[in-house]
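Read the single chain below, which is given as structure tokens and is the form predicted alone.
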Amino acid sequence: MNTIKQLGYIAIGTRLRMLTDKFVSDADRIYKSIGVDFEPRWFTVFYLINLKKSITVTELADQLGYTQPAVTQIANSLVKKKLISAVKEKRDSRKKILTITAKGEELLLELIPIWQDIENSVKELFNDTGNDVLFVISKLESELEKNDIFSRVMEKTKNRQLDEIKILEFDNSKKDVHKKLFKELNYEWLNKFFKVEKEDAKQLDNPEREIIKKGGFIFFAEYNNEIAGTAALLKREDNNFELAKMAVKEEFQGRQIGKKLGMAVVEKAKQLDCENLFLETSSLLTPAINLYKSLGFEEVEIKEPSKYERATFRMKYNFKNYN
């Protein structure tokens, strides 16, 4: 137990479970010591059935926050002990109405004073801590409803992953390597989902001439000392730019590579006082569309034909909301 305490917050789930196990174990000892055939795990279901007089499994699950299989399992145990009855509902035979039996009511008379003793003892225990434990638990439940542990951890994990990614721009001193990587990453992505079209080949075969010398930029994402992805900012007419040629190695997907690249492209567009930043994608690429939305892109109407057969979706960056 000392080791568990030393682990602090990371072991809070274990410590709470150990507390729960202790409460349940003591309750079981109490029932056995006075010769009452009742299990602690039945308490909430049995209590609510008595309180409501008649209730369905679905209603029980909703009110207790249990799964239906869990409620059904407890209800079956109580039916087997003849403490409750389960009768099919007339309007829907798939539903069962649960009610307390005469034997259950008789047992209830024995249980009520025991439950009162348990409640008073728990109150006494909590008072001895000098804290309003029920208030703290209620606050925890409320905060978890707003933002659970999974969401909190995922947010921190994603932020940590973003910090671990280094963004590099196309380097003339490494142009042969960077040209090769830019082409390979995009060919891999295009061949997996679509095909390499004429416009793709022109840009990927000669990115210096078709992208950089025309006022565009090429970015690479380095993760664990390896180039994991790439993206480009293409210069279009006037002061318009396009986010294009984003590709991430399959083994690095899900590590925020695409997001970091997108952030780099957007930031560069802002530095250039870009008036209109857009992209074209396919409606089949749901994860990519969700990524673009998270970056600040919104769907817009395609008013002119795309250069790509695969493009069915156009998005524009909303500078007003994300400056």
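Numbering starts at 1 and follows the sequence shown. From a predicted model like this one, the values you see are computed outputs, not experimental measurements.
Not on display, but discussed next: the form predicted in complex with the DNA.
Heavy atoms within 4.5 Å of the DNA in the model of the complex belong, among the stretches 270-278, 54-62, 252-260, 287-295, to residues of 54-62. Looking at K307, you'd find every heavy atom of it more than 4.5 angstroms from the DNA in the model of the complex.
Though the partner is left out of this view, R236 does not reach within 4.5 Å of the DNA in the model of the complex, counting heavy atoms only. Not displayed here, the DNA is kept clear of V248 by more than 4.5 Å at the level of heavy atoms in the model of the complex. Under a 4.5 angstroms non-hydrogen atom cutoff, the DNA in the model of the complex lacks N159 among its neighbouring residues. A heavy atom within 4.5 Å of the DNA in the model of the complex is found for exactly one of K213, K95, K80, K174: K95. Interface residue among I165, A228, L204, I74 relative to the DNA in the model of the complex, by the heavy atom within 4.5 Å criterion: I74.
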